[in-house]
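A single chain, nothing else alongside it, follows as structure tokens in the form predicted alone.
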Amino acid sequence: MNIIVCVKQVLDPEIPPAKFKIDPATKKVIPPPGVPPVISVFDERAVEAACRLKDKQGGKITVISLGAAQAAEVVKHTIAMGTDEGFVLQDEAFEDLDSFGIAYVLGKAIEKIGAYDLVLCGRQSADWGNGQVGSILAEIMGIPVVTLACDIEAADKKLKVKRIVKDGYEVLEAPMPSLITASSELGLPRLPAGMRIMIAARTQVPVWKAADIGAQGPELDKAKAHTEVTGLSVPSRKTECEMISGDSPGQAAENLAAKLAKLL
């Protein structure tokens, strides 16, 4: 079974809030010095889903990541988890793309990789959280898509997917190839094993440019993007404390109840 997993590098969510900075003029987050990016937690679930299928079915897992050169470390993390190979898509033309542009580039990379039975993505990215790339990528490639999967089984060229819905879950069947987005309910990802960590450390991750995958045309034109970031700011938090008193405990309780009623 040949599986392709799309992963994203994101700012480490464990950094102290004081280190989180943005540039309002360029509408970008400023990476704190000395803090390397990490794999998006949702994409890590997609890698776990791929590894579980490989454990049962055998086969090969290929990882692709669109981003800066540091994305190689994210790919190596997935190899330490159990994937087989990976590629970084890094080019000036790939910078600041919206969800449609990102899906286009990923689709061209998958074309270059060749035959596959399943494409896995996280349910959304851990930074912007749009949750669009997986579905757009499936549309571009012309294959079925199932979102928010918490369990995936494969047999006889078919996929059985348990999908999270508002009041529980539903079970769907999809042909191969299909694209599935993994949800957090899939469970915790495995920890990288010692031998796999050594293999990942020695792995050279190839970098593909736009010319390598044949990516060109209006899909890479930022002026024709479907979405635009009009503003970026850090939310401000304000806390206030007011002491409620009274002539007696009963009177204080009445005063508190009256105060709360005004807030409703």
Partner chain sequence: MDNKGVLVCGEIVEGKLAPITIELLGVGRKLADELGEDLSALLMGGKAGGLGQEAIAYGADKVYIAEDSLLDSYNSDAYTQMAADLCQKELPSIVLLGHTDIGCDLAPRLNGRLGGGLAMDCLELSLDSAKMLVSTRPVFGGNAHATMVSKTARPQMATLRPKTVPPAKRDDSRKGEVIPVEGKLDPAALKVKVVERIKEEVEGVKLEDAEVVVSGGRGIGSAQSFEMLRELASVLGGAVGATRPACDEGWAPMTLQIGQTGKVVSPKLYIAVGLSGAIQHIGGCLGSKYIVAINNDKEANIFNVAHFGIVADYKEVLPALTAKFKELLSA
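Numbering follows the first chain given and starts at 1. In this text, rigid core is short for the largest set of C-alphas that superpose within 1.5 Å between two forms. Quick caveat: nothing in here was measured; it's all calculated off a predicted structure.
Keep in mind that the form predicted in complex with its partner chain is missing from the display, and what follows is about it.
Considering its partner chain in the predicted bound form, the lone stretch of 193 to 201, 221 to 229, 208 to 216, 66 to 74 in range is 221 to 229 [heavy atom distance within 4.5 Å]. Contact check for A126: a heavy atom falls within 4.5 Å of its partner chain in the predicted bound form.
Its partner chain in the predicted bound form is not approached by F87, whose heavy atoms all lie more than 4.5 angstroms from it. Within 4.5 Å of some heavy atom of its partner chain in the predicted bound form lies at least one heavy atom of D167. For the chain shown alone, D247 is not a contact residue for its partner chain in the predicted bound form, no non-hydrogen atom being within 4.5 angstroms. Proximity to its partner chain in the predicted bound form, defined as a heavy atom within 4.5 Å, holds among V146, I110, A80, L97 only for V146. Residues of 179 to 194 placing a heavy atom within 4.5 Å of its partner chain in the predicted bound form, in sequence order: S184, E185, G187, L188. Put the two forms on the same core and the Cα of D247 is off by 2 Å or more between this form and the one not shown. Relative to the superposed core, P16 undergoes a Cα shift of 2 Å or more between this form and the one not shown.
In the predicted bound form, the CA atoms of A223 and P24 move apart by 3 angstroms or more relative to this form. Between the C-alpha atoms of D96 and K224, a gap narrowed by no less than 3 Å is obtained in the predicted bound form, as opposed to the form on display.
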